[in-house]
Structures are given as structure tokens and as C-alpha cells.
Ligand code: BES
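What follows is one chain in C-alpha cells, specifically the form predicted on its own.
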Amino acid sequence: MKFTFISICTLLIGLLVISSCSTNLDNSNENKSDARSQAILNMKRATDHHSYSKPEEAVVTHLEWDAKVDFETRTVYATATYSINTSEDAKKILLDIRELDILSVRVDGSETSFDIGDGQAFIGAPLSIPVTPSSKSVSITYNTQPGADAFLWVEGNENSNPFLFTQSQAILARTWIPCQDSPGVRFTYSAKVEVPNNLMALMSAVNPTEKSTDGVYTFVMDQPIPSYLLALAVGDVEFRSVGEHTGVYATPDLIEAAAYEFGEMEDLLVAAEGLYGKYAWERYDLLVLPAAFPFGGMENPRLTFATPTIIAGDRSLVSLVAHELAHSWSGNLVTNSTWDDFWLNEGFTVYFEQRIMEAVYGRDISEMLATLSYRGLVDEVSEIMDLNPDDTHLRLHLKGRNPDDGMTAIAYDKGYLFLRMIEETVGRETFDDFLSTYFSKHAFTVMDTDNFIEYIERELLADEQTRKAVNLTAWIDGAGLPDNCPNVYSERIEKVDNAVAKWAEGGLNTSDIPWGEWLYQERYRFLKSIPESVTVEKLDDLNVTFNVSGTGNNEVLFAWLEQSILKQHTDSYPRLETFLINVGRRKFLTPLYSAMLETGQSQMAKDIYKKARPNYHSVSTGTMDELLADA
């Protein structure tokens, strides 16, 4: 395929946003920016089926957000003012909204009418605001709803203060800020946020390190980001520096443990820069959220949101930090243009994560992680192939579907294996040069799958024989895992598989399992590999011998609890209930509730979920509601 108008537009949009949002430009540069933006607005660009916005007619470039957070009503009252660029025949600007109460709208300071179109499930409705080719700003005053899907309001008690956090990916930013909620639209922002004066506000921006006396905080994000990377958290948190460019935020009861657990973040950052170039966001800090957070982490620029379930006391789960850090290049710096191109974010990030882990902790560790990912992917591919083979393509087909449907191991681990295969085909040094150039050349822009194919064929796979060996079509638009999938192998994981087989067959005593010598990856693999033939008595013997259910590593605990359900090890059920009520990470919830349904324990699943549901974010309740609907 040839370079299209779409790809040219994609590259120029990022340059436009950077130039048009800088406060230090002279008039000449501003005029050039206006001319460039006018040209871009008249070009075609990739269609995002999950956004009503039409950036070719009018596009946002900078957001000023003025907000007051009310914990009593669980709402935010705010005004969002956008700087905009318009086409020569612009008549309206379209913003995405869902669960928002629009109070008033202004264009260039004057109040104007507005229209809210018909809504669609999970997508919301279009907010249409009349503009002209000369319009420079639109301002929307609004209230959020108490049940806005991006928010989770965590109640305080006698031992803790309330907490609020957002999760905007994939299309939930529109539930707390009217926006052009497409990953293909980037903008800078500034904000003023008022919160209770005993709490601290943080955003995906330049952040405070101490509480203000009046509860008012100001923020600046000078680098252009898409709306899904907008983030807000409000809570009783403290800050600890762990390196020259790195630090952690956590509640007072967790701050010391977090500072220790993530004390090697600076090493990870240095390793990442050594691989693919200068970190573009100045600081890399991490906020430990309440356990209700639905993901392991979220790569909000400058401030990764992380689950406390990765605090194990021994720094054993830092691969998640490596993953979110890697997003600072793949995803945050070069962003998927639409959610059909999600693999361009996550596949690159898993590849980069593995390279960081190898650089800091050695090939032995990174290959164990890669092997576990590969084994999990094989299982997931098998399940998806039975339902919809197209969902095993790297290029997704999500029109008419919730983009969360694409957040599977396909984008992450098939994407990783695809890039690993290319590395093994062309050589690591050559591939590293390609990736470094890719990130620098496309910094602060968006990328879609077709444009990536054109780029890699021209820059890396120009040789016909190499292109044939890679076979882009089989990976990107083919089902399952292609024949040239890399052989991922870990000798340590192989030894674990041999041990679990011998133990299950009675050839290895429980006391002879080298549990104390194993790292968490090996313990996790052992538990996940226990066959159906193992009795509940044998499982109990394992627990009595090694106190498995008492582990502080939540990955290992999850694997144990899953086995406990499958074997009906009832002694572990109190720990299971406590875990499910307090932990909202979807990665853990889905297999555990599914295991209860599969083993005829649906009533237990429903009883636990009834208690736990108020503690879960909408990302998790959406999945669990569907799973348990017919239970």
C-alpha cells in the first residue's frame, strides 16, 4: 500500500498540536500552525467508530479545566474550555458525552445554543456546538453524574479518608469531561481542581508533592495527549522520591511499603532510555490506588495508576511497572489511531517491557515471564477461536462493539510475539535501530495499522525475502498463531512443569518441592498447572506444608484461590471471599467467578458478588454483570 492522505494527516496532527499549544511561539510560527491546521482539517483521516467527533471540521488543541470535586454528592461541577482549530467551512464542533448534565455552552466567550443527539449504548451521545471558521474556543459548563462510569468513589471509614479515581481508557473520558474522545485526537491541558482540604488532587500532569492548605490544585500538561490518558485522583496520599526523576504516591498506611517496592523505578527508567531514547515526559511517578482499581496499572502520562496488589514486599511484581513505563513510548508517545489498532499500543509495550526486564534483571527472568505469557496466549487463542476467529487478528474489528472487547491477550501477547519474531528475523541490533527511529519520528502522533505496514515494509522489510519470512498478513489479519511464531522457552518453567507432573502422579513428595527456592513465576506456574486428577487432600497437603494461602504475593494467591475453587478446598473460601470483596482487579475477578460457575457454585458466586459489587469500578462490574447474569 502507498502512503495515503490519512497517514500524512496522522503525522501532521501531532506536529500541529505541539506547535499550536506552545506558549513560546512567535507570531510567524503561530501563522504557520494555523495554515498547517487548515490544511489538515481539509484532509481525510482515519474513521474512529467509537467517537462522534469530526476533527476534519473542528478539532480541539488545548483544554483548560476548572473543577470542584464534591464527595457528598459524588459529582464534579466543572467548566471545560477548549482552544479549537476549524476548517474553512466549519459549522459545528462535535464532542462526545455520556452521563453528563450540560448546563451552558459558550463560543469565544458568548453563550450559545447546543444540541445533544441521540445516544447509543456505551458510546453515549454527540454534543453539537455551532461554530464558524473564525471560532477560537468553546466552553462547556456541566455536572457529572454520581454513577459516572469513569469514576470510583471509595468511601472513607474510621481508619481512612475517602478516595476518588478515574479510569478513562478506552472511552470513559466522555463520562467526566466532554471531549473528542478518540485516541487519534491529541491536546495539551491545564486544570484547576478544588477538593476537600484534607485531601490531595493528582492528575496526568505536573503534580504537587504536598497538600495545599486550601484544597485548590493547579496542573499543566504541556505534551499533547489523547483523552483516554486524562486522569484524576483525589485522596489522602503522601509522596516519596525514589530517584532523580521518579517517585511514588500512596496512602499513609502504604507509603513506606510502596517506596520500598518501587525503589528500583529509576533503574527501569534508565534502562528504557538506553533502549529506545530519551524519556519525553520529564518525570515518571506512580500512584498506588485503592484495591478496587480494575487493572494492574494504567499508563497515565507522568503518573502511572497502579493496584496495591503488586506490593508483594519483595519487588517481585515490578514487571507491571516496566510495562506501564514502556507505555511512555508505545501508546503515550506514539498512539493507536483507533481502538481497532490497539495492538500498536500493547504489543509494542509488552515487547519493550520484556526488553527492560531483561536489561535490569537478566534474560533468565524475562524468559520466564515471556513463557508464562506465551502459555496463557495459547489457551486464550484456543478459546477465542471457538467463538470468533476474527478476534484473534491483531487488527481488530470493533465497529458496533465496546472497545473493551479488544483488551485481550491477542493485542498484548500476540503483538509481542509478532515483534519478537521480527527481531529474530532481522537481528536485534537492526530491529532496535528501527524501533528507536520509529518512536522518535512519530513522537506525539498517532499510528494506524495500514500506515504501520507501509512504514515497516519501506524502512525494515524492503527485501522481498525478508518480507516473505515475516509474513505480515498472517500475523496482522490472520487467525491464531502463524507458523513462524517464535519458540518461547524457559528451562526454569520446564523444570516446574516436570515437578508438578511428578507430584501429581505421586513421584515427588510435597515436602521435596523446592517451593522456598522458587521465584513467584515458578510458584504461579506450579499452581496454574495442577491437573484435575489432584485431590483436595493433596492440595491441602501443599497448603499445610508451604502456607500457600498465606502468601503476600497476589499473583500466587490468585492462582491458589482458583485451584481452591476448582478442588473445592473449603478452608480457603473465607480468604477467597475477603479477596473478592476487597480486590477489584478484573484480571483476577473473571477467572475466579468463572471457576465458581464452572464448578456448580453459582450461589456462592452471587452471594460474594452482592457484597463486593459496590467496591468495584464500572470496568469490572460491566464484565461481572454479564458473566453472572444467567447464573
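Just so we're clear, the structure is a prediction, and the values are computed from it rather than from any experiment. Numbers for residues come from their place in the sequence shown, where the first is 1.
Unshown form predicted together with the ligand; subsequent notes refer to it.
The ligand is not shown here, and in the predicted bound form it never comes within 4.5 Å of any heavy atom of residue 393. The ligand is not shown here, and in the predicted bound form it never comes within 4.5 Å of any heavy atom of residue 272. For residue 76, no non-hydrogen atom is located within 4.5 Å of the ligand in the predicted bound form, even though that partner is not displayed. At a distance threshold of 4.5 angstroms between non-hydrogen atoms, residue 412 is in contact with the ligand in the predicted bound form.
With the ligand left out of view, the stretch that reaches within 4.5 Å of it through heavy atoms in the predicted bound form is, among 500-508, 379-387, 257-265, 166-174, 166-174. Taken together, the three residues 231, 248 and 289 all stay farther than 4.5 Å from the ligand in the predicted bound form, as judged by their closest heavy atom.
Of the residues given (327, 525, 355, 186), 327 alone sits with a heavy atom within 4.5 Å of the ligand in the predicted bound form. Between the options 123, 320, 334, 140, the residue in contact with the ligand in the predicted bound form by a heavy atom within 4.5 angstroms is 320. Contact residues in stretch 278-304 (any heavy atom within 4.5 Å of the ligand, taken in the predicted bound form) are 295, 296, 297, 298, 299.
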